[in-house]
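First comes one chain, alone, set out as structure tokens in the form predicted alone.
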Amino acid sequence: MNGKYQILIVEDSEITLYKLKAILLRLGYEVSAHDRPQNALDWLNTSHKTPDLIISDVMMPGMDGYTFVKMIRSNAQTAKVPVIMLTSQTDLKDKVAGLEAGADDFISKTVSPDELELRVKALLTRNQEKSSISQSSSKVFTVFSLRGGVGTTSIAVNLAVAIAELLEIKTCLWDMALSGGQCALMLNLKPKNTLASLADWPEGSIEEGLLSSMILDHASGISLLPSPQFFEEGDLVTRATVDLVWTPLQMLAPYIVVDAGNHFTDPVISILERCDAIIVPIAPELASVNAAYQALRLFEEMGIDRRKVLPVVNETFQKSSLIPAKIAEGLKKEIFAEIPYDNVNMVRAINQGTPYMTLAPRTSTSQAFTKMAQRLTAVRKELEKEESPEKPIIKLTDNKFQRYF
């Protein structure tokens, strides 16, 4: 990357502005630096230049960074320019506000030159390839819950197997449960290299061959991109890591199922923003329903299309007075699928390191996974329809696969 890339910086601190400008000029970029958002907007209007990247502070006099980014996004000239927000704030609510305004990434004001270079290169690379990726990318289905113990990993593993078997096509399972991922355990695989090895990667992209060396093939027909093996390595996987692997991974498999765990982290948010569907597992108990409600609320604040959020009731115990219809009423969202109870075989599958779909292929639970895969592989077309997003989609029960109108 060279000086053909134009970067616009807006920062009211003279010291920070000088530091960022000096680093980026040394890296070969053209830089336009301003200490007020209005000055930057005036420059955009008078210079008739469209920057390739914008770095903006959050707290500034006259106009805060969120308002500035919203104005950038409302202008056709700059609507698709990637934006990094420069902030000392690290709370989730601040990041949600930034994402809602239209920011693509966040960095600290004390960012090191190496990290700044990596973040800038990653965003420029992603933006450059975005149009071609949108035409030929894999379909990505993310399984995420704010509550543990609802079967997030079991659903991700068996959904990946179901898609591979149904379409007879390569499917990748990506373990992004960074604080203790269990996908490798459930598949009886032993990772040697994980995403943690890409920490502080000096380049803005990686080769497919390097990513392939991390991926483990399984007898069921799926491949696994494993999470870090050790708990303390989870923090090494960042949004920049996701940017690095996003494009080459899609070149390796037409379908990707992500186990995103149960924590809102920056890299997980990055995946939730870009995936085709978000599957939210819910156990039929009140705490789980409340966690799903909170997740849906946060998705809405982040600007995620409500239509791509698909609640799935996973019957983790035999009987409950909290039936799917009541759960749907509480969420104000139709239930996408129901997975029947089969605790005996599910526990056996986990203990043996065998996917449930392989261990008990003829049960109603396996049939539910298959039928959910059938629906999900067409979910993008469903989302593109202009009909009501709250129209019931599908219900999976022991013996039925039917639509409701």
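Heads up: residue numbers just count along the shown sequence, starting at 1. Here the structure is a predicted model, which is why all the values come from computation and not from measurement.
Form predicted in complex with a small molecule: not shown, discussed below.
Although the partner is absent here, G148 is a contact residue: one of its heavy atoms lies within 4.5 angstroms of the small molecule in the predicted bound form.
Among residues of the shown chain, D35 is not one whose heavy atoms approach the small molecule to within 4.5 Å in the predicted bound form.
Contact check for N262: a heavy atom falls within 4.5 Å of the small molecule in the predicted bound form.
Remark: E233 does not count among the residues lining the small molecule in the predicted bound form, judged by a heavy atom distance of 4.5 Å or less. The partner is absent here; in the predicted bound form, the one residue of M186, A196, L296, C172 having a heavy atom within 4.5 Å of the small molecule is M186. Listed residues N314, T87, T241, S220 were compared with the small molecule in the predicted bound form; N314 is the one with a heavy atom within 4.5 Å. Residues A101, D105 and S270 are none of them found to lie within 4.5 Å of the small molecule in the predicted bound form, as judged by heavy atom distances.
None of 315-323, 298-306, 243-251, 73-81 except one has non-hydrogen atoms within 4.5 angstroms of the small molecule in the predicted bound form; the exception is 315-323.
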